[in-house]
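Encoded as structure tokens, the following chain is the form predicted alone, with no partner shown.
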């Protein structure tokens, strides 16, 4: 039925089977849309935000998708600026994942402001003293860059590419993509960093407060570093999931090994910086503000020391070591364990920097406050996941996302025929 739109030579499942999958995920998406509309029409009283928790669950999701979406800007930087040509075989998919992550982040912000009709206030009545203003500007600009980077892949659709104008436009856009890759890296450096900087300058929240360099707390640099380190792992994880769902090999091992190796060294060096930062904060910064390390962990089982060990050791140091070691990196099982742990690790870091910050008591009369999100928050947090699955399914079906797909699967398809 839609065979004319599918990339030439590629095999896809039948159209009814494809639509059945879309309908199932679409039902989840509609659930999220319903919750979103409740928040817009009835207000943020649909959430469980209170005086302790000014950030809903979706703000954690917002920071998490921005972090894992960092694979797009970092892979683009490696491919177009540092000229690592092997990554041309995965850059299309990295851009699509980045596009999904950043459009999801903007959608979450639109829900969070409660009054989407006033979203333009961020730009017209900008609070120039707020790091979040810079985040909003850079996010919007980088999403525009990702859209530009995504357009050539769309224009390479089998039917669109037959139109001479679209064919030449896609070709010429590929030729100047290094400019957009550099612009994306510049914008990502600042918005990733500023998201960390927001936590680092919270003087009233000693769990998050960090010293730093000039106006930038150390958390500014750690957020940017972690996004570049862990983002490629998310790209590799989604690629592996896509291969599992489609039953096809989509990217050659040497490309996967190379990106995993780069990500592993980035994670390893980031974890050294993270451990030094945590040690300095625990022994100098927090005591200087009148707190001991035990104040932030031992009084509550949910936020006990285990969360620090899980973030730094289990989901930080271990995946870094697994990926920089050649034998474990090239072992599919160890590599998969490493990239899953790495993705959990960066999401856990954002969880800590959003929710644990506000859970820790800061006044003598305060107690630990646990946050239980409403179902509307859960639904709107799952909404971007459903949206991402649908967009990846549509892109994979109709666009030449993986340049090595035909070569890698030709032999098995001949055997089947």
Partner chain sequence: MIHDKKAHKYGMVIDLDKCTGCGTCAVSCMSENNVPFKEDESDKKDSITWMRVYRLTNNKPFPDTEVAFLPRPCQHCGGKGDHGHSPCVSVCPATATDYGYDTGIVSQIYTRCFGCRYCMAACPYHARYFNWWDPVWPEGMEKYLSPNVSPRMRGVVEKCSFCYHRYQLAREKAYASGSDEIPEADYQTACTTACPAGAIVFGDLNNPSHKVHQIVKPDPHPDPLNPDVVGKSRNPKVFRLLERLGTNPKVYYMSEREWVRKLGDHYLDGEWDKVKNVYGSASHE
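Residue numbers count along the first chain shown, from 1. Owing to the predicted nature of the structure, the values given are computational and were not obtained by experimental measurement.
In what follows, reference is made to the form predicted together with the partner chain, a form of this protein that is not presented.
Checking 91-99, 266-274, 152-160, 285-293 against the partner chain in the model of the complex, the stretch whose residues place heavy atoms within 4.5 Å of it is 285-293. The putative spot formed by 112, 202 and 366 is fully lined by the partner chain in the model of the complex; each residue has a non-hydrogen atom within 4.5 angstroms of it.
Proximity of residue 324 to the partner chain in the model of the complex: non-hydrogen atoms within 4.5 Å are absent; the residue sits far from the partner. Not displayed here, the partner chain is approached by residue 206 to within 4.5 Å at the level of heavy atoms in the model of the complex.
Using a 4.5 angstroms threshold between heavy atoms, residue 193 stays clear of the partner chain in the model of the complex. Contact between residue 392 and the partner chain in the model of the complex is not found at the 4.5 Å heavy atom cutoff.
Of the residues 198, 87, 262, 347, just one reaches the partner chain in the model of the complex with a heavy atom at 4.5 Å or closer; this is 198. This chain appears without its partner; in the model of the complex, the one residue of 140, 278, 133, 147 with a heavy atom within 4.5 Å of the partner chain is 133. Residues are counted as partner-facing when one of their heavy atoms sits within 4.5 Å of the partner chain in the model of the complex; in 11-43 these are 40, 41, 42, 43, in sequence order.
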